[in-house]
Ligand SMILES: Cc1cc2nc3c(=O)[nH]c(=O)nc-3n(C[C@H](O)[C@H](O)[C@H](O)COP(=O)(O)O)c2cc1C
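Next up: just one chain, as structure tokens, the form predicted alone.
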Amino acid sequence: MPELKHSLARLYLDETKFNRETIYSRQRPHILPAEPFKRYPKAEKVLLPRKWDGEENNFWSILQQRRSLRKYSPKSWSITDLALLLWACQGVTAQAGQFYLRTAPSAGALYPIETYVAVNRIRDTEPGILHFDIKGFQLERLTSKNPAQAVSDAALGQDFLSRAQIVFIWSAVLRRNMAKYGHRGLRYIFLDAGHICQNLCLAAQALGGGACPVAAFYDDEMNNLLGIDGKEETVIYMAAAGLKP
């Protein structure tokens, strides 16, 4: 396998970055849209029962009610709520030899995704950007300045991010996965991030709030906010989370 900087994955990430200079001038490939649903008109149909309506806030009702939330209450979440959200994302649930298994699956149990949180309104916690130390189940403070506006600006000016109680920012340590899986490892990295984000969305719903995944941001600006190099480790996904108004 070539060095990381010459890999297909690195080329793909570099070529698909957003930046302020080219985001509106870069030409998109012209790709015709696909039909929203696939059906086999001549196939035999097997009707399925709809039986997931039940008691409030059970797992099935949480799935039914989950929606992307972009409007938030001015109230604050508690540090206990934040801990539950972080545990839902990447909490350690077991140890198997050298592997620390998590609430979300990962190809080869390699877990290349790192979690950062941009704290805006969490009771008994100062605003700032913090890193989630998964093994120690603790947060490591990187900044003490309220990051809400800077995060919103780096995410193409999406203002709802500045009003969320917290923004989760996920980076990938590429080598952690690709040393084993090579170029194909990039697929697994994105899948890992999706598993983690869905866990957050369901956990936020269970706590009376919601989340909104975000993949549109200026890559280098977001990396700079976290103090990461954008080469060995780079931001790939985000989600705003907060209480419903």
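The structure displayed is predicted, hence computed values, not measured ones. The first residue of the sequence shown is number 1, and the count goes up from there.
One more form of this protein should be noted, the form predicted together with the ligand, which is absent from this view; the next part is about it.
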- Message: Which is the contacting stretch out of 41-49, 178-186, 28-36, 61-69, given heavy atoms within 4.5 Å of the ligand in the predicted complex?
- Response: 61-69
- Message: Is Q158 near the ligand? Define near as a heavy atom within 4.5 Å, in the predicted complex.
- Response: yes
- Item | A216 within 4.5 Å of the ligand in the predicted complex, heavy atoms | yes
- Query: Is there a heavy atom of C212 no more than 4.5 Å from a heavy atom of the ligand in the predicted complex?
  - Reply: yes
- Of 222-245, which residues get within 4.5 Å of the ligand in the predicted complex if you count heavy atoms? Y237
